[in-house]
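Take a look at this single chain, the form predicted alone, given in structure tokens.
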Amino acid sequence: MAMTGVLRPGHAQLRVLDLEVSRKFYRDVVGLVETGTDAQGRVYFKGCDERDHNSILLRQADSAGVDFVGYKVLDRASLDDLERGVREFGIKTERIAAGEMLETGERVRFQLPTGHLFELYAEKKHVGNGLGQVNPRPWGPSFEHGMAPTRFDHCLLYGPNIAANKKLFTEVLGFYLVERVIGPKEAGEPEIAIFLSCSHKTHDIAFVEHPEPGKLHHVSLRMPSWERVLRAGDIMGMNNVPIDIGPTRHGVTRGETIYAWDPSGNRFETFCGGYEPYPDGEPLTWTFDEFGHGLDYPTGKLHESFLGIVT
């Protein structure tokens, strides 16, 4: 498919309670590649197969959660066009100067109806994946360090008015709805969860209806195979990383997964699999009474911690 407009998830800035503990965790246990520290003290990481300078940022804070998420667009013309569309939608935008984040160009930031800060940008320094641009090797040392996720895959965000988010993302930002979860019949079957893609992945971002704005459910890190998800689970066990769910398979997206907690209580996911949707496909619907299988297909269990704990 032609890739235009918004291309992919680009970065997420997480709040952590102890920066040095979190730096070691994401570098040595998760196995992200550390790429720098800026004047604000933020620590930068990327996945082993990501070419851009950064995708996960850590900031020392008094509470866990997410400050903002950013998505890369095709070029500066696309950035200008998308900003214009967001403003016409009725949402204010601001420009953040190039260099405010290490090796990252100018960003357009705005607040989603769910209360999350969302960014678009067109430029980030290409640092490569350590395998070379000519006659590259299939893998290198960073692909074997820790859990070694290949990239930042998606995030699931909780907040109010996901219907307005859906309208913004599908009508302005060029995403399309892949799957949805509808609520109980007695409530009129509202959409309580939506899974949106700007590519041919099952989701590049997802939202769940929640009364509190701006909440993080999880940041997802892509693994190249189910075997590597299971290896990540071994590493979690060896390092006493608390696990929320898994290893298991979702019914929603068909993804294979483990959810676990970082030292600050932020949930992260090691994820692989899923089918390959295209924009002309019909969205899949999960009813509330079957969502247990949507979440954890083998058991059909609605895990209380998964549904209720956010940062």
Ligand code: M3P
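What you are looking at is a predicted structure, and each value in this text was computed from that prediction instead of being measured. When you see a residue number, it is the position in the sequence shown, counting from 1.
What comes next is about the form predicted together with the ligand, which is not displayed.
Proximity to the ligand in the predicted bound form holds for all of Leu156, His218 and Phe291, with the criterion being a heavy atom within 4.5 Å. In the predicted bound form, the ligand sits within 4.5 Å of a heavy atom of Phe195. Using a 4.5 Å cutoff between non-hydrogen atoms, Val252 counts as a contact of the ligand in the predicted bound form. For Ala12, no non-hydrogen atom is located within 4.5 Å of the ligand in the predicted bound form, even though that partner is not displayed. In the predicted bound form, Glu269 approaches the ligand with a heavy atom inside 4.5 Å. The stretch from 27 to 35, 269 to 277, 62 to 70, 49 to 57 that comes within 4.5 Å of the ligand in the predicted bound form, counting heavy atoms only, is 269 to 277. Contacts of stretch 283 to 311 with the ligand in the predicted bound form, defined by any heavy atom lying within 4.5 Å, are made by Phe291, Leu295, Phe306, listed in sequence order.
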